Each structure stands twice: as C-alpha cells, then as structure tokens.
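Only one chain comes next, encoded as structure tokens, the form predicted alone.
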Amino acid sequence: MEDRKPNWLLTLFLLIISAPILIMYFWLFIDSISEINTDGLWPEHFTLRNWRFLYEDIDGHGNVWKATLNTAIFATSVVSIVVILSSTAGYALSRLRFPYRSQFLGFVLLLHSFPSVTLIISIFLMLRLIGLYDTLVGVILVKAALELPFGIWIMKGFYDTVPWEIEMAGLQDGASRFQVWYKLVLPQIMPGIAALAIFSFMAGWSEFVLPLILVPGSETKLLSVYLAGLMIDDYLSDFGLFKAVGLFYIMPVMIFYLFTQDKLMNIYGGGTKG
C-alpha cells in the first residue's frame, strides 16, 4: 500500500491540474448537442441539428467530407515523405563519413529554427512559379520539407544508439549495405519510426497557416481552413454548429493520440540497443 500511495497522489494531482481542460472538452461536447441557453448554465434542449454539416453542405463553406478527405490525404502524405526521407538521411548522417558532414548537420538544424510563417512569401512565389499553387501536392511538399529537419535529427539519434557490431556481422556474412540497413538496422529503430510517424501525422492534421494561404480553393480546402471559415463568417451566428465542427475536427487526433501516446514518447527516449 505504501508503494501505491505516491502513485495515487500523483494521479490526483494530475487530475486536479487537468480539470479545466477536461471541463472545457465536456462543455464543448454538451454545446455541440444542445441549443445555446443564455438564461442558465445547463441547456434546456438537446438536439443533433448542430451536426447537420455531416449530411448537408453549409452555405459558402463546401462539403465537410471533401475537406476531411483532403486533410487525410495531406496528413498521410506528409507522414510518408517525412518517414522515408528521414529514415534514409538519418542513417547516412549517422553511419557515413563524408566531407562537410558536420556543417550539413548544422545546416539541417538551422532550417528547423525558421518558423513556416517567415518563409510563406518565398514559398508562395515558388509554388506559383512551378505551377503547384492551390494544389494539395504543393502544400504537401512544403509541409514535408518543413518537417524534414526535425525528422532527420530524430532518426539520426536513434541510429546512433544501434551498435556497429550488428552491421559488421551482416557485412561479414555477405550482405550488401542496403540489406544491412533494411534487414538489420531498421528493425532496431522501429520505435523511433513509429514515434516520428505519429508526430508527423498530428502536425499535418493540425496545420492551418500553410493550407490557408497556399490552397485557398474550395476543392482543396482542409478541415482547419473549413473550421476557420465558420468562425470568421459574419453571417453565421450558430455557435453550436461551430462547436460541433470543432469537435469533429479534433476527434480523430484525440482517438489517435489515446492509442499511440506510449509510442509518441519514444521520440524523446532514443532508440533500442541489441
């Protein structure tokens, strides 16, 4: 019992400091299934009318399912590009010794220090120049490029924890460098790949500034832009609808996080050895 007491105290403390956030989400859900009551705290009438955006288009804002599909394509594409390129580049930076390697590592870290909003004008002009403005492909490439420096550094850290003896044994058995990487080294850093994929997916799903500026068309609208459009619409005073769309927007990420939070923490813990 004495060993469990600190755990219960810690749990109670975390619940207390998390209470405002939990209450906020609770009232977000209540407001999404009820009519706004200005006379009291608890709503008098419950309704599913606020969720009508699931089966009908909201005037001037398009179809929510189209925006959801665009967001899913955007997030999964960013994950694929970041994981593939970070896995290969991280291995090269960890294992290979080539000229100006340390300078390249410093340059990669420098790229990660620039917020995307400071580069938005040059990115906009470049996409216009190559014909990828207002396309999902263009904004996917931009978001993946901005996430790559972080991904490369993370994967390099995981590769650094894998013993050289594993690769030496594979090379002595006649395996090629690619086979050693793919069959021996890559399985050792799967926790890092999983964590990077989860982190990249959440970053892609929640992105707002880049889609707002680089894909303004209704056919390429993402959920974050769809939700923002409801908020700034002067003719829309239906806050219940706005909260329902907001809850719909965050539900996939919340569910995704609940099932993957243990793997997400691996991104700060390094790789595995052995």
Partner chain sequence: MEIKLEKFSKSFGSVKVIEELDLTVGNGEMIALLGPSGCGKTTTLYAICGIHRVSAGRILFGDRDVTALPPQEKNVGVVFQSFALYPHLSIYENIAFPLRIRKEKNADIERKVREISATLYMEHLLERRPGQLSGGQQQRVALARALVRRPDILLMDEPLANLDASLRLEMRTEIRRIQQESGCTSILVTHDQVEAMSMCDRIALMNNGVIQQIGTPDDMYHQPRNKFIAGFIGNPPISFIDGAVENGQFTSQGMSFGLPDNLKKASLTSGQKVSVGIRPEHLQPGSENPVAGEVTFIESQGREILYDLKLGDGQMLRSIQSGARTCKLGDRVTWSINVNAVLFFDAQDERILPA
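Predicted model only: the values in this text are computed from it and were never measured. Numbering follows the first chain given and starts at 1.
As for the form predicted in complex with its partner chain, it is not shown, yet the points below apply to it.
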Next item on the list: Assess the spot marked by 127, 134 and 140: is its partner chain within 4.5 Å of a heavy atom from every one of these residues in the predicted complex?
Entry: no
Contact label in the predicted complex: residue 183 to its partner chain, heavy atom within 4.5 Å
yes
Point to revise | Partner contact for residue 76 in the predicted complex: its partner chain, 4.5 angstroms, heavy atom | key: no
| query | Do residue 106 and its partner chain come within 4.5 Å of each other in the predicted complex, heavy atoms counted? | reply | no
Under a 4.5 Å heavy atom criterion, is residue 99 part of the interface with its partner chain in the predicted complex? no
Answer key: of 110, 117, 168, 84, within 4.5 Å of its partner chain in the predicted complex (heavy atoms) is 168
In the predicted complex, the residue from 161, 80, 176, 88 with a non-hydrogen atom within 4.5 Å of its partner chain is 176
Here the chain appears without its partner; judged in the predicted complex, the stretch of 117 to 125, 146 to 154, 196 to 204, 183 to 191 with heavy atoms within 4.5 Å of its partner chain is 183 to 191
